[in-house]
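The chain below stands alone, shown as structure tokens; this is the form predicted on its own.
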């Protein structure tokens, strides 16, 4: 009897994995079919990197290092952080729209969990973005500043892992903010604050550029682990920093996932109580 239950659970789990795998594949194919939509983002990505190139060249002057970063490392840091930024999901706006116009009610009877569906759909979209922006980013980096000094290709899989973890952490954090639309008519301010903190604590500047007290504060918050963590290890890899960054990414991703599930469950109950 116990063996049969275990087998049934295994079959159900495999079917769920296959179901969400199909959603990821469909989202990836749909995004690929409309690849021209990414052209504007790609050109804007190149423009932003060009501005940063000119800015940092002026700041660095004739050479040297700032906060332990050479000009070569700083440009590649910007290449990676901007690549992550341009590869993120727009889940906040889609959640806002579905909840506020009531379309989320149609998703409640579907044969999937709403949060799991959004994650699978987002992974497909982020997958095609990360491929396009990653390849284009490497091309721009080589064109603008040349090869990354001291980079070892053996570390590339670990860097990709941290980039993916950063995108997932960001996805769940933004999902939590988007789900507040169940109760708040205007919640964009929360997203704006989160976005700006992420930009300041990792996207535009490495944490090492800040005063010591602010570095310590930043590293206990989730924001640097979206952009700073992957980029920092890409330009200067060390095992001493890899494991803490990995575990903090996973910890915050798990925390925001649990919060998203709790907020969603409470929001759906509120929706049912109010008549849908």
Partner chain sequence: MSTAVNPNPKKPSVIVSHLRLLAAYFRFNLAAAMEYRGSFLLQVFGMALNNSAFIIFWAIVYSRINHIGEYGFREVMFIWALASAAFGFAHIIFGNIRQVSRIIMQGELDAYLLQPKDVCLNVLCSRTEVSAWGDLAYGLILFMAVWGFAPGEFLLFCTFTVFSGLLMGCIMFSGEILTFFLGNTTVISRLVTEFVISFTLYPESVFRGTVKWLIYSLIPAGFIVFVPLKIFKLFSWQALGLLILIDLGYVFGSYLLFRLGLRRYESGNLIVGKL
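All of these numbers come straight from a predicted model, not from anything done at the bench. Numbering follows the first chain given and starts at 1.
Here the subject shifts to the form predicted together with the partner chain, a form of this protein not shown in this document.
Checked against the partner chain in the predicted complex, the candidates 142, 193, 160, 108 yield a single residue with a heavy atom inside 4.5 Å, and that residue is 193. 205 is the sole member of 164, 205, 71, 125 with a non-hydrogen atom lying within 4.5 angstroms of the partner chain in the predicted complex. Of the candidate stretches 238-246, 223-231, 47-55, 22-30, only 47-55 has residues with heavy atoms within 4.5 Å of the partner chain in the predicted complex. The three residues 120, 250 and 258 each lack any heavy atom within 4.5 Å of the partner chain in the predicted complex. The partner chain in the predicted complex is not approached by residue 97, whose heavy atoms all lie more than 4.5 angstroms from it. Put simply, residue 131 is far from the partner chain in the predicted complex: not one heavy atom of it is within 4.5 Å.
Residue 217 falls outside the set of residues with a heavy atom inside 4.5 Å of the partner chain in the predicted complex. Contact check for residue 135: no non-hydrogen atom falls within 4.5 Å of the partner chain in the predicted complex.
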